[in-house]
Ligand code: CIR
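Before any questions on binding or motion, here is one chain by itself as structure tokens, the form predicted alone.
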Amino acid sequence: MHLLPPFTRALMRRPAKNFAAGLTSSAHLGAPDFALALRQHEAYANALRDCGLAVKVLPADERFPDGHFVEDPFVIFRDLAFHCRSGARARREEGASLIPQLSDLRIVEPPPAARIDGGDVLICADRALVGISARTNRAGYQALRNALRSVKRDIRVDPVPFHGVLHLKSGLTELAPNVLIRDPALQTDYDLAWADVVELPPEEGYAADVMPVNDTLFVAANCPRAYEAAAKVCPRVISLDLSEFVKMDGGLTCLSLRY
């Protein structure tokens, strides 16, 4: 049984004109093209609509150049919306602007010492993995674990210390129950023996961030190994080009809150 029910809604935010001023470790890929990014963002929203989701796209907010990465400020689990406070100070206030959009959910605030990004939280079919990273500390992991257990008392929540990629989901996501896809750049001592792990070639590493939406798997465009792995476990696979967001350390899961 999957921990998450089928998705019916998605929340997104339009990129701001200053989105190239956001945080990135991928400057070597060049500056993003704003007009192309807007077209890619719109195609992403339409693809979610084609999956039957009600998609709400909030207007751009130039206070937060990274604000279109709406997955990082919240982790949604059933009727719970856990408000993340990023280890990156510049991103710590993004979540406040999303709270009015989540008023039908139970908002949980973390303790002051907790630091966590939603991109470090991978909810699999049978467990939740929380990456311990530059953005997410042990206090953040513990706060989220407690919040998740207030919804499902016996949920397994594992800490996953790692390095080599920005977020846990930058380098590891779930293709299907007990089938993971991994960027070889992600390094961890966490035992993945419970799953089959598809390791991508380095040039496709960013495609390790796949996005399951009900009966559809979204994968990064122009990544044949990732597409092949997805097609083996899911009859409906859709490729999306997010080249301009990859330049800002973004991926498929980053651009929406799906619930």
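Note that residue numbering follows the sequence shown and begins at 1. Note that the coordinates shown come from a computational prediction; the quantities given were computed from them, not determined experimentally.
Below, we turn to the form predicted together with citrulline, even though it does not appear here.
Test of understanding: in the model of the complex, would P15 fall inside 4.5 Å of citrulline by heavy atoms? Judged by the heavy-atom cut-off of 4.5 Å, P15 is well away from citrulline in the model of the complex.
Check L166 for me: does it contact citrulline in the model of the complex (non-hydrogen atoms, 4.5 angstroms)? Result yes; L166 sits at the interface with citrulline in the model of the complex.
4.5 angstroms heavy atom contact with citrulline in the model of the complex for M248: Heavy-atom contact with citrulline at 4.5 Å: present for M248.
Classify C254 as contacting or not contacting citrulline in the model of the complex by the rule of any non-hydrogen atom within 4.5 angstroms, answering yes or no. Taking the distances in the model of the complex, the answer for C254 is yes, it comes within 4.5 Å of citrulline.
Looking at 30-38, 65-73, 225-233, 50-58, which stretch has residues with any non-hydrogen atom within 4.5 Å of citrulline in the model of the complex? Stretch with heavy atoms near the partner: 65-73.
Of these, V237, L11, L240, L23, which has a heavy atom no more than 4.5 Å from citrulline in the model of the complex? Of V237, L11, L240, L23, the residue with a heavy atom within 4.5 Å of citrulline in the model of the complex is L23.
Residue by residue through 108-139, tell me which have a non-hydrogen atom within 4.5 angstroms of citrulline in the model of the complex. Heavy-atom contacts within 4.5 Å come from G119, R135.
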